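The chain that follows stands alone, in the form predicted alone, written as structure tokens.
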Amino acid sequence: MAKASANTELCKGCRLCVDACPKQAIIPLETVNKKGYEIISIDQGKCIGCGICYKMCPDYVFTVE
């Protein structure tokens, strides 16, 4: 089954993916990337690979494989 992965160095912390995920598999973190933005994490156990995060993200953070 497909799962999402994230390149958090591209993340700008908009959190659109967090609200869009139907399984609440995307967790907002307080950790910051090299650009100073708070990043996210994906709970692979909850991810169903639907691709909504990929479609919502304006910064091309996600890959669904």
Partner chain sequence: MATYRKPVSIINEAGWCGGCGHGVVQRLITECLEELGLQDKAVCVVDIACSYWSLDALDYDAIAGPHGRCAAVATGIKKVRPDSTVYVHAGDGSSYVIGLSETCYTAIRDIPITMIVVNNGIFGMTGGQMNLATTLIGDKTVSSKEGRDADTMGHPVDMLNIIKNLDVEFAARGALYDAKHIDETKRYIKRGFENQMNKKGFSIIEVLSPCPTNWKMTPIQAMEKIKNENEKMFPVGIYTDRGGETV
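Only a predicted model underlies this, so the values are computations on that prediction, with no experimental measurement involved. Positions refer to the first chain, counted from 1.
Although not depicted, the form predicted together with the partner chain is the subject of the following passage.
Partner proximity in the predicted complex: Lys23 to the partner chain, non-hydrogen atom cutoff 4.5 Å: So Lys23 does not count as contacting the partner chain.
Lys55: touches the partner chain in the predicted complex, heavy atom cutoff 4.5 angstroms: Yes, contact at 4.5 Å.
Any non-hydrogen atom of Lys46 within 4.5 angstroms of the partner chain in the predicted complex: Close contact is absent here: in the predicted complex, Lys46 is far from the partner chain, nothing within 4.5 Å, heavy atoms only.
Interface membership of Cys14, the partner chain in the predicted complex, 4.5 Å heavy atom rule: Cys14 belongs to the contact set for the partner chain.
Residues in 1 to 39 close to the partner chain in the predicted complex, defined by a heavy atom within 4.5 Å, in order: Going through 1 to 39 in order - heavy atoms within 4.5 Å of the partner chain in the predicted complex - the hits are Met1, Ala2, Leu10, Lys12, Cys14, Arg15, Leu16, Asp19, Lys35.
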